[in-house]
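What follows is one chain in structure tokens, specifically the form predicted on its own.
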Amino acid sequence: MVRSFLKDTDFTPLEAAEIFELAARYKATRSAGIIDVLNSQSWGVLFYKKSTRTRLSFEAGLYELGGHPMVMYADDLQISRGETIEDTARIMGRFLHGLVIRTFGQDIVEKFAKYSGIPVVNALTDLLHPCQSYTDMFTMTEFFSQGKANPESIKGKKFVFYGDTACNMAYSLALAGAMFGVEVVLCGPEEFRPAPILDELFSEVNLTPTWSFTSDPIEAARGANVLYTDVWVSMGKEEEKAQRIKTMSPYQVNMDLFKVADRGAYFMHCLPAHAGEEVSQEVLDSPRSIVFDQAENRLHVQKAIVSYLVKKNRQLGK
């Protein structure tokens, strides 16, 4: 069975730590040029959803690993005219060595992985965003271990996610946090609390949850090491914009929350940010904000994920 990265828990905590070590090495040596890990392999990068960071980081990353990235949009393929995912996956498996997908349903990446016979990386679904959550944990290790990216440095840290806690980022952060012993607090309105699917994701693996939910933003921030948020209106939710902004407004990350957080607390955001909505401009521009370090790290962590998959699949004879 070819190994893919579809969920945060597709790697063990020990494997994830190896990926972090590799990402740190890639980051430190990027100026040395291309690393021929992929040996001219062709990797597809398939988008059902528009992107800035995902496209830039994967296209650049695959090239820097010695591969040939082939960016595709679903609307330009026969899949948009009724060709099945199963047939599309089988065809891509004949032409490509690997596939990165940013899409809607989790079932889409799972079908591509099942029928293509090549490694598939989940670059975002409506359920999970594992490349981002790994990047977020990696970024925390950098800032809490003076650049050494040591996973032990974030054990016991308090990480608070504000906003829609029934979203892909909240779920992935809860899973990744548990892998690294991070206390993850999901904070938002009661009507946007995590759905039962989050418990199901934990029940699929031998992993003890370390997350909790609260609707009290001040209590959530008390003693926190990281305050994190995401856009309140995700792609596909535009018709709910006015109501979402009204409901989420008490959960804006602003300086009032930092007054009760740990003195050395950081602000993180997976971007793009809408200043004045989920985060104040003051926080976004403050020295506490490490959002651009976080964004850059997508490149290094994703290169490490792809490299690790290639190595493991070679060991399996795939």
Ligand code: CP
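One-based numbering along the sequence shown. Just so it is clear, the model here is predicted, and its values are computed rather than measured.
Although it is not shown, the form predicted in complex with this ligand is what the next lines describe.
query = 49-57, 30-38, 245-253, 279-287: which one contacts this ligand in the model of the complex at 4.5 Å, heavy atom to heavy atom?
reply = Selected stretch: 49-57.
task = Check each of 65, 45, 265, 270 and return the one that places a heavy atom within 4.5 angstroms of this ligand in the model of the complex.
result = Answer to the contact question: 270.
task = Heavy atom within 4.5 Å of this ligand in the model of the complex: which of 122, 116, 139, 132 fits that? Just give me the one.
result = Comparing distances to this ligand in the model of the complex, the residue within 4.5 Å is 132.
key: Distance check, residue 298 to this ligand in the model of the complex, heavy atom within 4.5 Å   = Flag for residue 298 set to yes.
inquiry  = Taking this ligand as it sits in the model of the complex, is residue 102 near enough to touch it, meaning that at least one heavy atom pair lies within 4.5 angstroms?
reply    = Result yes; residue 102 sits at the interface with this ligand in the model of the complex.
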